[in-house]
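Take a look at this single chain, the form predicted alone, given in structure tokens.
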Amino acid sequence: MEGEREYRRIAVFGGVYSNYLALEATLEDARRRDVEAIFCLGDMGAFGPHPDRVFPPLRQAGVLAIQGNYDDSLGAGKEDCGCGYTDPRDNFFARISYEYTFKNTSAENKAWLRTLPKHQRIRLGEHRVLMCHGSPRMLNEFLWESTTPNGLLEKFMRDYQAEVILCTHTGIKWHRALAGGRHLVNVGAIGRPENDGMTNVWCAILTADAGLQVEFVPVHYDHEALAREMEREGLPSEFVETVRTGWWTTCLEVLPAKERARGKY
């Protein structure tokens, strides 16, 4: 489409989840990789401590952000996170997380979240790229690797006029190359580990070079410092355990069978 900014190499991440320590490490890593721009696919708050601490690094680094469901809810003053959960246990922990985040996010930052778009379009070399949080059609739709059919992705690309779709929301990264040089990239999240027993988080680097090159980059940060802060803030011990061990203890019921089987619980 006319007027879209064109890049050759970008960094993209999702799900900051108030993890300002991982955010700072991600931004430092991205700068070393000589990217032209850094994008965030939403959910600045949730899960972690001190949500207001993520906003200064985002602004100082010039990160181009879109709204996630958390940002939409916080900015609009909604009663819940709009996470898209249906199981009572998932919703129990989501409610704790949202109430803490809402209480500890300033009015100024809530106002900034209201200004963010829900989609971002750019060109990456010859590729038309659409960035969204959950899916192009729904802010909180979960696109899981094991349950998302190619036909749905191809329909999204036709309907939304894109060769590349970038999303997050699930917290677990994956990349699928489709016919005709098209790609779906779920960039994962930097706010909490990926339910793989590792304490690092993940960022995606995309490069227009002989097609599209997608690299998932592990980002290491002081996860123990974050865990101690979470304890001091009285956040659930289940959240703290995830940060320390790399295994999810909450948001499990929403996982499809294959993704859940990879975890510990």
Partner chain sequence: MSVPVAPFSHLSTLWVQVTGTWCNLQCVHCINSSGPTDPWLKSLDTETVKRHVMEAEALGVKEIYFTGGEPFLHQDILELLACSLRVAPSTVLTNGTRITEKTADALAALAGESLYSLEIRVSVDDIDPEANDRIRGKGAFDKAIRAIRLLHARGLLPILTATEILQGDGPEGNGMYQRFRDLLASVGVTKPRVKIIPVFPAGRLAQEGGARLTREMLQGFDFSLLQCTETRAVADGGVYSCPILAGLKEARLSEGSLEESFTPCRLYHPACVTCYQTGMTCRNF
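What you see is a predicted model, and the numbers here were worked out from it, not measured in a lab. Numbering follows the first chain given and starts at 1.
Note that the form predicted in complex with its partner chain isn't included here; everything after this is about it.
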property: Contact of Arg128 with its partner chain in the predicted bound form (heavy atom, 4.5 Å); result: no
property: Partner contact for Arg5 in the predicted bound form: its partner chain, 4.5 angstroms, heavy atom; result: no
property: Its partner chain contact at Ala177 in the predicted bound form, heavy atom, 4.5 Å; result: no
property: Touches its partner chain in the predicted bound form: Leu143 (any heavy atom, 4.5 Å); result: yes
property: Sole residue of Lys155, Lys78, Arg114, His119 within 4.5 Å of its partner chain in the predicted bound form, by heavy atom; result: Lys155
property: 4.5 Å heavy atom contact with its partner chain in the predicted bound form for all of Met44, Asn104 and Thr199; result: no
property: Per-stretch contact check against its partner chain in the predicted bound form, the hit in 184-192, 120-128, 79-87, 105-113 (non-hydrogen atom, 4.5 angstroms); result: 79-87
property: Residues of stretch 184-215 in contact with its partner chain in the predicted bound form (4.5 Å, non-hydrogen atom); result: none
